[in-house]
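Just one chain is shown here, as C-alpha coordinates, and it is the form predicted alone.
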Amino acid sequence: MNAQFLELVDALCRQLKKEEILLCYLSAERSDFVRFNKALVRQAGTVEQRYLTIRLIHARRQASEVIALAGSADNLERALVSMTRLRDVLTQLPEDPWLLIAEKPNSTSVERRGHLPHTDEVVQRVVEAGRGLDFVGFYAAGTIYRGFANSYGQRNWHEVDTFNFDWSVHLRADKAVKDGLAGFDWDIASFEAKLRRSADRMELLREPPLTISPGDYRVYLAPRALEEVTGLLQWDAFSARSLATRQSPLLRMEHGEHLSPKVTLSENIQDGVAPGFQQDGFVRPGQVKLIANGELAGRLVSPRSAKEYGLDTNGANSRESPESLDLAPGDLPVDEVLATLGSGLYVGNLWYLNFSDRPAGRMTGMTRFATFWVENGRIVAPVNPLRFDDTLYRILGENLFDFTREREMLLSTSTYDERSTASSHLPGALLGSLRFTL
(Lines give C-alpha, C1' and ligand atoms only; values in the text may rest on other atoms or scores of the structure.)
Protein backbone atom coordinates (compact mmCIF):
# COMPACT_ATOMS: atom_id res chain seq x y z
CA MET A 1 0.00 0.00 0.00
CA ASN A 2 2.88 2.38 0.78
CA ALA A 3 4.36 1.90 -2.71
CA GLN A 4 0.99 2.57 -4.36
CA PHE A 5 0.52 5.72 -2.28
CA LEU A 6 3.95 7.07 -3.18
CA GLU A 7 3.54 6.22 -6.84
CA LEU A 8 0.27 8.16 -6.93
CA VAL A 9 1.76 11.17 -5.15
CA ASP A 10 4.78 11.25 -7.47
CA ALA A 11 2.45 11.25 -10.47
CA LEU A 12 0.45 14.15 -9.00
CA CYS A 13 3.60 16.13 -8.23
CA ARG A 14 4.61 15.92 -11.89
CA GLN A 15 1.37 17.72 -12.80
CA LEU A 16 1.95 20.72 -10.52
CA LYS A 17 2.16 24.19 -12.02
CA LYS A 18 4.67 26.85 -11.04
CA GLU A 19 4.65 27.77 -7.33
CA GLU A 20 1.94 25.23 -6.48
CA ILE A 21 2.48 23.09 -3.36
CA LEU A 22 0.88 19.68 -2.92
CA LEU A 23 0.22 17.85 0.34
CA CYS A 24 -1.33 14.38 0.41
CA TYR A 25 -2.55 12.43 3.44
CA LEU A 26 -3.63 8.79 3.31
CA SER A 27 -5.97 7.25 5.88
CA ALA A 28 -6.62 3.54 5.36
CA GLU A 29 -7.38 0.29 7.14
CA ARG A 30 -8.01 -3.42 6.75
CA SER A 31 -10.22 -4.38 9.68
CA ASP A 32 -12.38 -7.27 10.86
CA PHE A 33 -15.44 -6.48 12.98
CA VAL A 34 -17.50 -8.92 15.05
CA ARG A 35 -20.53 -8.19 17.23
CA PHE A 36 -21.53 -10.68 19.92
CA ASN A 37 -24.86 -11.04 21.71
CA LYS A 38 -25.55 -13.73 24.31
CA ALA A 39 -22.07 -15.06 23.53
CA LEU A 40 -23.02 -15.75 19.90
CA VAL A 41 -21.95 -13.98 16.73
CA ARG A 42 -24.66 -11.58 15.59
CA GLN A 43 -22.76 -9.67 12.93
CA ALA A 44 -19.37 -10.05 11.28
CA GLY A 45 -17.60 -8.40 8.41
CA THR A 46 -14.40 -7.05 6.95
CA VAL A 47 -13.71 -3.48 5.86
CA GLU A 48 -10.92 -2.36 3.57
CA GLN A 49 -10.92 1.35 2.78
CA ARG A 50 -8.49 4.02 1.61
CA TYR A 51 -9.11 7.75 1.63
CA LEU A 52 -6.72 10.33 0.20
CA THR A 53 -6.83 14.00 1.21
CA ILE A 54 -5.43 16.14 -1.61
CA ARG A 55 -4.46 19.64 -0.52
CA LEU A 56 -3.32 22.26 -2.98
CA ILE A 57 -1.63 25.51 -1.92
CA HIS A 58 -0.77 28.53 -4.04
CA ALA A 59 0.00 32.13 -3.04
CA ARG A 60 -0.98 31.42 0.60
CA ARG A 61 -4.35 30.11 -0.49
CA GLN A 62 -5.32 26.53 0.18
CA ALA A 63 -8.10 24.10 -0.68
CA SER A 64 -8.51 20.37 -0.10
CA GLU A 65 -10.67 17.45 -1.12
CA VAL A 66 -11.00 13.85 0.04
CA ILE A 67 -11.35 11.05 -2.49
CA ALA A 68 -11.77 7.31 -2.02
CA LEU A 69 -9.10 5.11 -3.57
CA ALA A 70 -10.23 1.93 -5.26
CA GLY A 71 -6.87 0.26 -5.71
CA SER A 72 -7.05 0.55 -9.50
CA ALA A 73 -5.69 2.64 -12.35
CA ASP A 74 -8.69 4.97 -11.94
CA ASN A 75 -7.08 6.46 -8.82
CA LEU A 76 -4.75 8.77 -10.75
CA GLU A 77 -7.48 9.96 -13.10
CA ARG A 78 -9.81 10.85 -10.22
CA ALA A 79 -6.99 12.52 -8.29
CA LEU A 80 -6.11 14.67 -11.30
CA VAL A 81 -9.76 15.70 -11.67
CA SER A 82 -9.71 16.65 -7.99
CA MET A 83 -6.60 18.82 -8.49
CA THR A 84 -8.32 20.63 -11.37
CA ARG A 85 -11.30 21.41 -9.14
CA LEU A 86 -9.00 22.65 -6.37
CA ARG A 87 -7.23 25.01 -8.80
CA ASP A 88 -10.58 26.54 -9.69
CA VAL A 89 -11.51 26.95 -6.03
CA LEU A 90 -8.19 28.60 -5.13
CA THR A 91 -8.86 31.52 -7.47
CA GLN A 92 -11.89 32.43 -5.35
CA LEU A 93 -10.31 32.17 -1.90
CA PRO A 94 -8.58 34.83 0.25
CA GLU A 95 -5.10 34.36 1.65
CA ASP A 96 -4.93 32.25 4.81
CA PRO A 97 -3.13 34.33 7.50
CA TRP A 98 -2.46 31.32 9.75
CA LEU A 99 -1.21 28.91 7.11
CA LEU A 100 1.86 26.98 8.27
CA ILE A 101 3.17 23.78 6.71
CA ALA A 102 6.40 21.83 7.02
CA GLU A 103 8.73 22.98 4.27
CA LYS A 104 11.87 21.13 5.31
CA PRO A 105 11.53 17.41 4.45
CA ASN A 106 11.56 15.07 7.45
CA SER A 107 10.74 11.57 6.24
CA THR A 108 9.90 8.68 8.60
CA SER A 109 8.66 5.11 8.39
CA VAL A 110 7.14 3.01 11.17
CA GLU A 111 5.71 -0.50 10.84
CA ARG A 112 4.55 -2.07 14.10
CA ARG A 113 3.58 -5.67 13.65
CA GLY A 114 1.31 -7.21 16.25
CA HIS A 115 0.17 -10.75 16.96
CA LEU A 116 -3.39 -10.94 15.63
CA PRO A 117 -4.63 -14.49 15.00
CA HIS A 118 -7.24 -15.12 12.34
CA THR A 119 -10.57 -13.69 13.44
CA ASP A 120 -12.24 -17.12 13.10
CA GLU A 121 -9.91 -18.42 15.82
CA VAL A 122 -10.69 -15.45 18.08
CA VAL A 123 -14.44 -15.92 17.58
CA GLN A 124 -14.29 -19.63 18.41
CA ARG A 125 -12.42 -19.05 21.68
CA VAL A 126 -14.67 -16.14 22.67
CA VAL A 127 -17.85 -18.16 22.09
CA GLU A 128 -16.43 -21.02 24.16
CA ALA A 129 -15.37 -18.73 27.01
CA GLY A 130 -18.67 -16.82 27.06
CA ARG A 131 -20.95 -19.85 26.97
CA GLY A 132 -23.68 -19.58 29.62
CA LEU A 133 -23.24 -15.80 30.05
CA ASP A 134 -25.34 -12.96 28.68
CA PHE A 135 -22.23 -11.68 26.96
CA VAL A 136 -22.40 -8.68 24.61
CA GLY A 137 -19.26 -7.46 22.87
CA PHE A 138 -17.66 -5.74 19.91
CA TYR A 139 -14.32 -6.94 18.51
CA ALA A 140 -12.32 -4.91 15.99
CA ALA A 141 -8.89 -5.87 14.72
CA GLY A 142 -6.58 -5.33 11.79
CA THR A 143 -4.04 -3.00 10.29
CA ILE A 144 -4.30 0.80 10.29
CA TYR A 145 -2.33 2.82 7.74
CA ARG A 146 -1.45 6.51 7.64
CA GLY A 147 0.74 8.21 5.05
CA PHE A 148 1.91 11.73 4.28
CA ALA A 149 3.75 13.10 1.26
CA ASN A 150 4.33 16.56 -0.16
CA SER A 151 5.90 18.19 -3.18
CA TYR A 152 8.97 19.17 -1.11
CA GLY A 153 9.97 15.50 -1.12
CA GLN A 154 8.86 14.53 2.38
CA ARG A 155 7.51 11.00 2.79
CA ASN A 156 6.04 9.57 6.03
CA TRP A 157 4.50 6.15 6.61
CA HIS A 158 2.76 4.59 9.63
CA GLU A 159 1.44 1.02 9.71
CA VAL A 160 0.26 -0.67 12.92
CA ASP A 161 -1.62 -3.85 13.88
CA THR A 162 -4.10 -3.48 16.75
CA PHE A 163 -7.17 -5.09 18.27
CA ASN A 164 -9.87 -3.72 20.55
CA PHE A 165 -12.46 -5.86 22.33
CA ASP A 166 -15.16 -4.06 24.31
CA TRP A 167 -17.74 -6.16 26.18
CA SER A 168 -20.38 -6.31 28.90
CA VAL A 169 -21.76 -9.22 30.94
CA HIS A 170 -25.40 -8.60 31.84
CA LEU A 171 -27.51 -9.85 34.73
CA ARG A 172 -30.77 -7.95 34.17
CA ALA A 173 -31.94 -4.45 33.25
CA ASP A 174 -29.08 -2.05 34.06
CA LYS A 175 -27.19 -4.59 36.17
CA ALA A 176 -24.07 -5.36 34.17
CA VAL A 177 -20.28 -5.42 34.31
CA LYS A 178 -18.32 -3.74 31.54
CA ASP A 179 -14.70 -4.48 30.63
CA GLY A 180 -12.41 -4.83 27.68
CA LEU A 181 -9.03 -5.75 26.30
CA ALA A 182 -6.96 -3.93 23.70
CA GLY A 183 -3.46 -3.71 22.37
CA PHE A 184 -1.09 -5.02 19.73
CA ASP A 185 -0.91 -8.72 20.63
CA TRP A 186 -4.06 -10.79 21.20
CA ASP A 187 -3.72 -13.06 24.24
CA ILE A 188 -6.54 -15.53 24.87
CA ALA A 189 -5.38 -16.16 28.44
CA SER A 190 -5.69 -12.45 29.29
CA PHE A 191 -9.17 -12.35 27.75
CA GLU A 192 -10.34 -15.42 29.66
CA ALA A 193 -8.98 -14.05 32.95
CA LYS A 194 -10.77 -10.73 32.43
CA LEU A 195 -13.98 -12.46 31.42
CA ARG A 196 -13.88 -14.62 34.58
CA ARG A 197 -13.48 -11.44 36.61
CA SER A 198 -16.47 -9.93 34.81
CA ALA A 199 -18.54 -13.04 35.56
CA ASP A 200 -17.50 -12.98 39.23
CA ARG A 201 -18.47 -9.31 39.53
CA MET A 202 -21.79 -10.05 37.86
CA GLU A 203 -22.57 -12.60 40.58
CA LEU A 204 -22.05 -9.83 43.15
CA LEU A 205 -24.77 -7.84 41.39
CA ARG A 206 -27.30 -10.44 42.56
CA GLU A 207 -27.11 -8.92 46.05
CA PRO A 208 -29.74 -6.25 46.86
CA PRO A 209 -28.31 -2.86 45.77
CA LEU A 210 -27.57 -0.14 48.30
CA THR A 211 -28.69 3.46 47.91
CA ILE A 212 -25.92 5.70 49.18
CA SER A 213 -26.73 9.13 50.61
CA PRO A 214 -25.04 12.19 49.05
CA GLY A 215 -21.71 13.06 50.60
CA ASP A 216 -17.95 12.54 50.39
CA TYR A 217 -16.73 8.95 50.13
CA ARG A 218 -13.42 7.20 49.79
CA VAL A 219 -13.29 5.90 46.20
CA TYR A 220 -11.30 3.71 43.88
CA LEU A 221 -11.59 4.64 40.18
CA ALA A 222 -10.67 1.70 37.95
CA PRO A 223 -8.71 2.61 34.79
CA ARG A 224 -11.88 2.69 32.66
CA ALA A 225 -13.51 5.11 35.08
CA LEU A 226 -10.40 7.26 35.18
CA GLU A 227 -10.38 7.23 31.37
CA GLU A 228 -13.65 9.17 31.41
CA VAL A 229 -12.07 11.82 33.65
CA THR A 230 -8.95 12.18 31.54
CA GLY A 231 -11.10 12.02 28.41
CA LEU A 232 -12.93 15.12 29.57
CA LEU A 233 -9.56 16.86 29.89
CA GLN A 234 -8.99 16.23 26.21
CA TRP A 235 -11.67 18.86 25.55
CA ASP A 236 -9.25 21.79 25.20
CA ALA A 237 -7.41 21.30 28.51
CA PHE A 238 -3.96 21.11 26.92
CA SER A 239 -4.70 23.21 23.83
CA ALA A 240 -2.42 26.18 23.20
CA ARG A 241 -5.37 27.96 21.61
CA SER A 242 -7.64 27.36 24.61
CA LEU A 243 -4.97 28.46 27.07
CA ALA A 244 -4.30 31.60 25.03
CA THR A 245 -8.02 32.44 24.85
CA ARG A 246 -8.55 31.51 28.51
CA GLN A 247 -10.98 28.67 27.83
CA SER A 248 -8.94 25.77 29.19
CA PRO A 249 -10.20 24.03 32.36
CA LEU A 250 -6.55 24.02 33.47
CA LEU A 251 -6.22 27.80 33.31
CA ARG A 252 -5.83 28.07 37.09
CA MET A 253 -2.67 25.98 36.86
CA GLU A 254 -1.04 28.97 35.14
CA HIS A 255 -1.80 31.01 38.26
CA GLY A 256 -0.62 28.88 41.15
CA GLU A 257 -3.05 25.93 41.29
CA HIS A 258 -1.50 22.48 41.06
CA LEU A 259 -2.33 18.81 41.16
CA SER A 260 -0.81 16.07 43.29
CA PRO A 261 2.95 15.55 42.76
CA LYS A 262 1.98 11.99 41.81
CA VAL A 263 0.42 13.24 38.55
CA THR A 264 2.68 13.14 35.50
CA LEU A 265 0.77 13.19 32.24
CA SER A 266 2.23 13.04 28.72
CA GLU A 267 1.30 12.80 25.07
CA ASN A 268 3.25 9.62 24.36
CA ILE A 269 3.14 9.14 20.60
CA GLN A 270 6.05 6.69 20.51
CA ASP A 271 4.17 4.04 22.53
CA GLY A 272 0.66 4.67 21.20
CA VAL A 273 -1.26 3.86 18.04
CA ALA A 274 -1.42 7.32 16.46
CA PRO A 275 1.07 8.24 13.73
CA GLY A 276 4.11 10.36 14.54
CA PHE A 277 3.19 12.97 11.94
CA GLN A 278 0.16 15.04 10.99
CA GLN A 279 -1.53 16.47 7.93
CA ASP A 280 0.60 19.62 7.69
CA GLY A 281 3.74 17.48 7.49
CA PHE A 282 5.13 18.22 10.96
CA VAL A 283 6.72 15.23 12.69
CA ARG A 284 5.71 14.89 16.31
CA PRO A 285 8.18 14.40 19.16
CA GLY A 286 8.03 10.97 20.75
CA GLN A 287 6.72 12.47 23.97
CA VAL A 288 5.35 15.83 25.10
CA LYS A 289 5.16 16.35 28.87
CA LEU A 290 1.85 18.03 29.69
CA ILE A 291 1.82 17.83 33.50
CA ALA A 292 4.98 17.03 35.45
CA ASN A 293 4.70 16.18 39.16
CA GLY A 294 1.44 18.08 39.42
CA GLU A 295 2.61 21.22 37.60
CA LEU A 296 1.55 22.36 34.12
CA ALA A 297 4.54 21.53 31.94
CA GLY A 298 3.50 21.93 28.33
CA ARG A 299 0.77 22.35 25.78
CA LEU A 300 -0.23 20.92 22.43
CA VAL A 301 0.49 23.44 19.68
CA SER A 302 -0.98 22.96 16.22
CA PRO A 303 0.68 24.71 13.26
CA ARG A 304 -2.15 27.25 13.01
CA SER A 305 -1.88 28.16 16.70
CA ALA A 306 1.89 28.38 16.34
CA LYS A 307 1.45 30.90 13.55
CA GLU A 308 -1.27 32.88 15.32
CA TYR A 309 0.32 33.08 18.77
CA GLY A 310 3.99 33.09 17.88
CA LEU A 311 4.75 29.63 19.32
CA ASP A 312 6.75 26.62 18.17
CA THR A 313 4.49 23.84 16.92
CA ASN A 314 4.92 20.33 18.34
CA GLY A 315 2.86 18.71 15.60
CA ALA A 316 -0.45 18.65 17.48
CA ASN A 317 -3.60 17.91 15.53
CA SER A 318 -5.97 20.72 14.55
CA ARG A 319 -8.08 20.09 17.69
CA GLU A 320 -4.95 20.24 19.88
CA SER A 321 -6.17 17.24 21.83
CA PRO A 322 -4.04 14.29 23.00
CA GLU A 323 -4.09 11.15 20.88
CA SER A 324 -1.80 8.98 23.03
CA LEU A 325 -2.41 10.03 26.62
CA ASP A 326 -0.02 8.47 29.14
CA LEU A 327 -0.46 8.79 32.91
CA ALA A 328 2.51 7.64 34.99
CA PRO A 329 1.84 4.74 37.41
CA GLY A 330 1.90 4.93 41.17
CA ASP A 331 3.00 2.51 43.89
CA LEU A 332 -0.27 0.74 44.81
CA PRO A 333 -0.43 -2.92 43.67
CA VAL A 334 -3.77 -3.76 42.05
CA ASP A 335 -4.25 -6.78 44.30
CA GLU A 336 -4.07 -4.50 47.35
CA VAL A 337 -6.66 -1.98 46.13
CA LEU A 338 -9.62 -3.28 48.15
CA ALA A 339 -7.61 -3.67 51.34
CA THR A 340 -6.19 -0.17 50.99
CA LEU A 341 -9.59 1.27 50.12
CA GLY A 342 -10.95 -0.19 53.34
CA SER A 343 -14.51 1.10 53.28
CA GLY A 344 -15.81 3.08 50.33
CA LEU A 345 -16.84 2.83 46.70
CA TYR A 346 -15.28 0.73 43.95
CA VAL A 347 -16.18 2.45 40.66
CA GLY A 348 -15.61 0.45 37.49
CA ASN A 349 -17.14 2.90 35.00
CA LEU A 350 -18.34 6.48 34.71
CA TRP A 351 -20.50 8.09 32.05
CA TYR A 352 -22.31 11.28 31.03
CA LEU A 353 -19.36 13.42 32.13
CA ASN A 354 -19.32 17.13 31.48
CA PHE A 355 -17.97 20.29 33.02
CA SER A 356 -20.23 21.90 35.61
CA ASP A 357 -17.80 24.83 35.95
CA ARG A 358 -15.10 24.77 33.26
CA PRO A 359 -12.93 27.67 34.56
CA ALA A 360 -12.80 26.01 37.98
CA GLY A 361 -12.02 22.58 36.54
CA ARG A 362 -15.25 21.24 38.07
CA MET A 363 -16.79 18.19 36.45
CA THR A 364 -19.86 16.06 36.96
CA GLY A 365 -20.91 12.58 35.89
CA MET A 366 -22.63 9.35 36.85
CA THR A 367 -21.44 5.97 38.02
CA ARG A 368 -22.31 3.22 35.57
CA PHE A 369 -22.79 -0.54 35.57
CA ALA A 370 -20.92 -2.27 38.39
CA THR A 371 -20.23 0.12 41.25
CA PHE A 372 -19.80 -1.61 44.61
CA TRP A 373 -19.75 -0.75 48.28
CA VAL A 374 -16.61 -2.05 49.95
CA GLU A 375 -16.50 -2.72 53.68
CA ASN A 376 -13.27 -3.62 55.50
CA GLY A 377 -11.55 -4.44 52.21
CA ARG A 378 -14.35 -6.68 50.90
CA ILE A 379 -17.04 -6.03 48.30
CA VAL A 380 -20.38 -6.45 50.08
CA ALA A 381 -23.06 -5.07 47.72
CA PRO A 382 -23.71 -3.24 44.46
CA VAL A 383 -24.63 0.44 44.65
CA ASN A 384 -27.38 2.23 42.76
CA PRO A 385 -26.19 4.94 40.32
CA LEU A 386 -24.70 8.06 41.85
CA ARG A 387 -23.85 11.50 40.52
CA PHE A 388 -20.52 13.05 41.46
CA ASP A 389 -19.60 16.72 41.20
CA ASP A 390 -16.05 17.65 42.11
CA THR A 391 -13.05 19.57 40.85
CA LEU A 392 -10.02 18.26 39.07
CA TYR A 393 -7.88 19.89 41.77
CA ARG A 394 -9.50 17.66 44.38
CA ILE A 395 -9.79 14.48 42.30
CA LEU A 396 -6.20 14.49 41.03
CA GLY A 397 -4.93 16.92 43.64
CA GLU A 398 -5.49 17.06 47.37
CA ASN A 399 -7.67 13.92 47.48
CA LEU A 400 -5.45 11.64 45.38
CA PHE A 401 -4.00 8.93 47.60
CA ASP A 402 -2.14 6.93 44.95
CA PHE A 403 -2.25 5.41 41.49
CA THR A 404 -1.93 1.70 40.89
CA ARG A 405 1.41 0.24 39.91
CA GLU A 406 -0.19 -1.65 37.00
CA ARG A 407 -1.67 0.24 34.06
CA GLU A 408 -4.07 -0.64 31.26
CA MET A 409 -3.82 0.21 27.57
CA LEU A 410 -7.21 1.56 26.48
CA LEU A 411 -7.91 2.15 22.80
CA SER A 412 -10.75 4.32 21.55
CA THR A 413 -13.75 2.22 20.50
CA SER A 414 -14.80 4.81 17.92
CA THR A 415 -15.35 3.41 14.43
CA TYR A 416 -17.26 6.36 13.01
CA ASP A 417 -15.96 6.62 9.42
CA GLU A 418 -12.85 4.67 10.44
CA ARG A 419 -11.16 3.02 13.40
CA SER A 420 -9.74 5.64 15.73
CA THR A 421 -6.01 5.71 16.53
CA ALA A 422 -6.54 7.41 19.92
CA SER A 423 -5.33 5.60 23.03
CA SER A 424 -4.78 6.05 26.75
CA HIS A 425 -2.35 4.24 29.05
CA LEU A 426 -3.76 4.61 32.56
CA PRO A 427 -3.53 3.25 36.09
CA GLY A 428 -6.40 3.09 38.57
CA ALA A 429 -6.72 5.90 41.13
CA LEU A 430 -7.45 5.64 44.85
CA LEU A 431 -9.04 8.83 46.18
CA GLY A 432 -9.34 9.83 49.80
CA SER A 433 -12.62 11.53 48.93
CA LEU A 434 -14.99 12.12 46.01
CA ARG A 435 -18.09 14.26 46.37
CA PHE A 436 -21.43 12.74 45.40
CA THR A 437 -24.45 15.00 45.11
CA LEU A 438 -27.32 12.64 44.14
Partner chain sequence: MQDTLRRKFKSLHSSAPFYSLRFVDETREQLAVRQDTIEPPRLQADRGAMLVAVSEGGYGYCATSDLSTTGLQAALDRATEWARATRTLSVHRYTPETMPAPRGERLTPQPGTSLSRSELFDLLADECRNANIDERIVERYAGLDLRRVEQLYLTNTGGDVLQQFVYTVPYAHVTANAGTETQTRTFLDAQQGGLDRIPRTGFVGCGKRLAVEALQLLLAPNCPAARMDLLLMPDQMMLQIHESIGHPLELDRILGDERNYAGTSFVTTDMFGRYQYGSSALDVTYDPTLSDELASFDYDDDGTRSEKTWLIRAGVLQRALGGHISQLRAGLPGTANSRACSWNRAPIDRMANLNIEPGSSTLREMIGSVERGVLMRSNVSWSIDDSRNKFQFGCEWGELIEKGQIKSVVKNPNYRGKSAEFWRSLKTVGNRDTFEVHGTLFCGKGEPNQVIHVGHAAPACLFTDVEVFGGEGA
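This one's a predicted model, so the numbers in the text were calculated from it and none came from an experiment. C-alpha atoms forming the largest set that superposes within 1.5 Å between two forms make up the rigid core. Residue numbers count along the first chain shown, from 1.
The same protein also has a form predicted in complex with its partner chain, omitted here; what follows describes it.
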Exercise for the section: State yes or no: in the predicted complex, is some non-hydrogen atom of residue 359 no more than 4.5 angstroms from a non-hydrogen atom of its partner chain? Expected result: yes
Handout entry: Any non-hydrogen atom of residue 365 within 4.5 angstroms of its partner chain in the predicted complex
Key = yes
Problem - Touches its partner chain in the predicted complex: residue 93 (any heavy atom, 4.5 Å) - result: yes
Handout entry: in the predicted complex, residue 372 touching its partner chain (heavy atom, 4.5 Å)
Key = no
Completion exercise
Among 340-348, 268-276, 160-168, 199-207, the stretch whose residues bring a heavy atom within 4.5 Å of its partner chain in the predicted complex is 160-168
Handout entry: Of 409, 28, 379, 63, the one that lies within 4.5 Å of its partner chain in the predicted complex (heavy atoms)
Key = 63
Handout entry: Candidate from 178, 155, 194, 289 lying within 4.5 Å of its partner chain in the predicted complex - any heavy atom
Key = 178
Exercise for the section: Could you run down 31-48 and flag each residue that has a heavy atom within 4.5 Å of its partner chain in the predicted complex? Expected result: 32, 33, 34, 35, 37, 38, 40, 41, 42, 43, 44, 45, 46, 47, 48
Problem - Rigid core superposed: residue 383 CA moves 2 Å or more between the shown form and the other one - result: no
Handout entry: Rigid-core frame, C-alpha of residue 398, shift of 2 angstroms or more between the shown form and the other one
Key = no
Exercise for the section: For residue 125, decide whether the Cα shift between the shown form and the other one is 2 Å or greater, given a superposition on the rigid core. Expected result: yes
